[in-house]
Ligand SMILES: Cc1cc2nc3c(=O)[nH]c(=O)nc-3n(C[C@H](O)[C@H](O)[C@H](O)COP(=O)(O)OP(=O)(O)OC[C@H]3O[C@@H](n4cnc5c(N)ncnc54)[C@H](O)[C@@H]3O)c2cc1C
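As structure tokens, one chain now follows by itself in the form predicted on its own.
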């Protein structure tokens, strides 16, 4: 049994563990540009100095040895032959079963988007935010996010709320909040609604209390060097942080794999790629059926990866009792001082008010999560 897993993010690492668990004797090959993972959720703490870039990079060499997997350093160029062949810049790799967990990419089509920093692009982006804020004596900081109009779930709004509240509290801690204006902008009139019906009002209440100005419900037009432009008007900003909507990985555009309207790999509730045998997808690269509130996040990627691994091994063993993954949204929105717990399932939503214990719970979870891969 020869299984290939693409990527080294949340979905890929979960898929590795689960595949090895269910197929102890399988040959597992992992293909990714680097033998490391980046813990994206903690990028929010780089501007404040609570974390440094090296704290969030984990070399996976020891983990791969423990899991007895073969690592191939390479970038995926295509998936061909009905999923049985992965093409990289250095050659082709064949498999009996494939799990795609290469992640997605941000849609950078808005005019002037080069003037905005996209925080979740990685450590350099978060460090740039840190350095820009350190170098400012005052001014306006604009923070917002958008979506993929053809893929409602393909957005990453949670981290932007964390950067928003984190920067606000950082400036207060430094004693210079009064020298800054912070503006939150979003094309939706009630941003955060997918987290639960009560969430937008609660978030707006916190923003108002903190003196954060709102510019909501207006479609984005673009940016200039120090300008945010929407159909509802424009406003000046000395620093712009913007998270665009997401689409599939770059290599997917020219692939034979089925694509959703939003440019992601079409899959079913078992995480199986539609129309392809023994090809599964998990995480940001996939488009899955389900409720419109299911956003792209690490927890969802893990749930999809568990199902993909179980179902792929079952399929290779000739079984057909496949298991669908569970839809669940779970996150702690951190403010640098407190945490706001939000959980949503098909049974309803839960929101706990800001609590200092939850801030430390998020930090503890980071330590526990990374410990298994070091």
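Note that the structure is predicted; figures quoted are calculated from it, not measured. Numbering follows the first chain given and starts at 1.
If you look for the form predicted in complex with the named molecule, you will not find it shown, but the lines that follow are about it.
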Within 4.5 Å of the named molecule in the model of the complex, heavy atoms considered, which of 342, 28, 307, 43? 43
Can you pick out, from 251, 115, 180, 235, the residue that has a heavy atom within 4.5 Å of the named molecule in the model of the complex? 251
Does the named molecule get within 4.5 angstroms of any non-hydrogen atom of residue 33 in the model of the complex? yes
I'd like to know if residue 8 sits close to the named molecule in the model of the complex, meaning any non-hydrogen atom pair within 4.5 angstroms. yes
Just to confirm, residue 162 within 4.5 Å of the named molecule in the model of the complex by heavy atoms? yes
4.5 angstroms heavy atom contact with the named molecule in the model of the complex for residue 296: yes
16, 79 and 316 - do all three of these have some heavy atom no more than 4.5 Å from the named molecule in the model of the complex? no
Exactly one listed stretch (262-270, 183-191, 203-211, 152-160) reaches within 4.5 angstroms of the named molecule in the model of the complex by non-hydrogen atoms, and it is 152-160
Which residues in 96-127 have a heavy atom within 4.5 Å of the named molecule in the model of the complex? 101, 102, 103, 120
